Structures are given as C-alpha cells and as structure tokens.
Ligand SMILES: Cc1cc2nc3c(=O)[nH]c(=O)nc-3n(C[C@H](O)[C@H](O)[C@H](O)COP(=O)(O)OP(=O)(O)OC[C@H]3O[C@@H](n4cnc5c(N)ncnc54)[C@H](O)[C@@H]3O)c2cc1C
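One chain is shown next in structure tokens, namely the form predicted on its own.
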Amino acid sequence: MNIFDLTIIGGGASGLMASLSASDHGSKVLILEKNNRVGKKILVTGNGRCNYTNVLLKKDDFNRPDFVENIFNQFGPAETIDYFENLGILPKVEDEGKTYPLSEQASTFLDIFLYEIEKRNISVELEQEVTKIAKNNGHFVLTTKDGKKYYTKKLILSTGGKSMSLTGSDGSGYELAHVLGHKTTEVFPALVKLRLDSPHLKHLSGVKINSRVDLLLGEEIMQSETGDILFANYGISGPTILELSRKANELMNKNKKPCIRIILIQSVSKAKIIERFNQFKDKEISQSLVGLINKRFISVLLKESGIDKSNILVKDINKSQLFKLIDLLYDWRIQVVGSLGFEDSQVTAGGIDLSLIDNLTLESKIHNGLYFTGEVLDIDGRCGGYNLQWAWSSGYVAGKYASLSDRND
C-alpha cells in the first residue's frame, strides 16, 4: 500500500501552490485532479493575462479581514512576487496595484508549475474525481469515482467554489467537507454582472461610460464605486458593477431590494446645468443635452422625467419635469433584480465555515492533518488580483504546515 505524506485534492491555483510549498518543506506529494489537466482556471484569469496579485492589498479587501490577516502576514503579495520571481516570472505592476507577469500570458504560470512539478517529482493523477473520504488508522482513505483508492497521511482540500464549473469548480468539495463534519455558509455568485429592471436596457445595450455608481438600500449607500460600466440587454456590467455585485447578491439573498444609482455628471454643478438650460431655452430639449451625456441616454432620461416629446423647446417644458431631468443626471436609480449565475461569476462568495478552521495554519479543528485552501473556504476578495493572492497565500501556508506538522489523531 503506497501511502503519500500529503495528497491535494484539486490542481487549481491554491492546490498547485500547496504542492510546491509542501515540496519545499520535504513532503512526498500527490495531486488528484478531476480534469484532464491542472490549472484550467488560471488560464482564463485577467483576460488571459493573469492578474496574479495586487501590491495594494489590505485585509479589508476581503469579506473576512481578521481571518485572512494572519495568512497574508505569513505569505502576502511581496512574498508571492519574490517566490514566483525565483521561479522565473517577472512582475509588471499596473494601475491600482494590479500585477501581471511580464510576459502578459496566464500560460506562463501553468508552464512554470508543470516544470516545477516534474522537477520535484510531485505525482499528479488526472481525471480522478474524489467522491469519498474516510479516516482509517490515522490515514485518510480517498476513493475516486472509478473506484480507485489512495492513502495519505495529510490531506489538503483545494477543490474551489462553484464559479466557472467548466474549469472543475463545481462545488463538490463542499460535500466532501460535510462528510468530515464541516459546515458551509450560504454560497452565491460574486464579481458577477447584475440584472436590472428597466424598459430601456435593449436601447442602451453596448453603451460604455465612466461613472460613479452607488448601491443603495432605501436611501442608505451600501457601497460606492467609480469606473467603467457597460450596459447590456440583461442589465449592467463592468469593473464597478463586479465590485458591487457581492453586496447586491448578499442583500437580495436576505429578501432586500437594492438599487443602483448612476451619477452621470460628476464634474459639473447643478447650478451650471440650470444655467446651460437657460442659455439653450430656445433649443429642442434633446439638442440641449447633446455634448453633455452619451446620446443614447437622451431619449431614456427624457422618458424617465416624463417629457414625451424630444423636440419640445426647453422654455416650453414644465418646470417640475425639467428639474426631474436635472435630478436624473445626478441621481438615476434602477432596481437590481438579480445577477447572472455561477458560470458567469469570477468568484464564489461563501464556502467552508471558518469557525472550525485554524486561522494560522488552515488546519481543520476537527481532523488533525486536514487542511483547506482557496475558494472552497468562506473567503472572497475584490476584483483585481485579490482572489488569486488568496489562492497563493492559503496554498503556501497549508502546504507548509501540512509538511511541518507531525501530530497524529
């Protein structure tokens, strides 16, 4: 019976990092991957460029700041950059701290991992989906879908969440964890496009603007972001919307009804806009808005403000309607009714409950020798390299302690 020092279920970012870390610390490692190759999700990150960390990372960029702080203190962005640089990947830091490989190819990471796996004699078994985990005489016994059994002293669960299931993240790790006594918090898509309730979406589809967007619950601002937003026939997307989406879905899961407020004009005062309409009082209302906002918004805002005729002169518009139009330029609200699903989300919110996970080692408090990494845990971060950094950090830490620990059940 071949017993491995450490087996890692899942060959994604955190699992691959865990394998190198464990190897660095002397373990004989096996990776079990359900796909026909490892690292599939890495290849699509950062639009194929792989935004692999963020040098401006703070603990508050994550949903569980106090938990992640201990992990990042051991292996954060600086250590990640140094680690990969020693393997041959030079960093390229761009706006807002986003960091890419100098090659600007996500495949660079996969190439490096495959090289290191072979160099270190790390065993990899592909197309092996683990369906059962049991403990026997202090060892973990892993049974796969086709009936194969693997025996290991230590085990790391790196199965990912439910986002982008075609890459292998289908939530199967949650059930494996449940059998071992671990609970899962509610999971839902994060960093995902939002669905809106508006009759104007088809008309606005394809419009891209740079604007401030607030997520509102009643009159309370729950979150505010500024940047590119893109309208589509289902709703709205873009980096700002992805950032808002976690909070929006969290609220809707509690049966609350958030809306977004788009601030179309940020750099010009209302007084200046009123002055503009006075200047153009003999112009048609639609013409008076040309040069102020994207032309596709004009007919939409006129309808929203109750102005039926686009050719009506400014001076002939009812004052209440004109001021409604002006207000919409600074406070245009649209109801959020949902989001696209896990397949379209970049990350999963929720996961393995952290109350039974050691926040220094990522070891289970139930089973000695069982560790968790990456997205399978109830950890998610902002868009911009944060979630991959969690994968590297958690993988490194779990791989290290799984190798150093000599405790037995």
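Quick note: we count residues from 1 along the sequence shown, nothing fancier. None of these values were measured; they are calculated from a predicted model.
A second form of this protein, the form predicted together with the named molecule, is not displayed here; the remarks below concern that form.
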- Message: in the predicted complex, does every one of N35, T45 and E129 come within 4.5 Å of the named molecule, counting any heavy atom?
- Response: yes
- Message: Although the partner isn't part of this model, could you tell me whether S345 comes within 4.5 Å of the named molecule in the predicted complex, counting any heavy atom of the residue?
- Response: yes
- Message: I'd like to know whether G399 contacts the named molecule in the predicted complex, with contact meaning heavy atoms within 4.5 angstroms.
- Response: no
- Query: If you check in the predicted complex, is G168 within 4.5 Å of the named molecule, heavy atoms only?
  - Reply: yes
- Item | Interface membership of A22, the named molecule in the predicted complex, 4.5 Å heavy atom rule | no
- Message: Only one of V314, I81, M164, I273 gets a heavy atom within 4.5 Å of the named molecule in the predicted complex. Which one?
- Response: M164
- Query: Can you say which of 357-365, 373-381, 22-30, 64-72 gets within 4.5 Å of the named molecule in the predicted complex, counting heavy atoms only?
  - Reply: 373-381
- Within 10-35, which residues come within 4.5 Å of the named molecule in the predicted complex, counting heavy atoms only? G10, G11, G12, A13, S14, G15, L32, E33, K34, N35
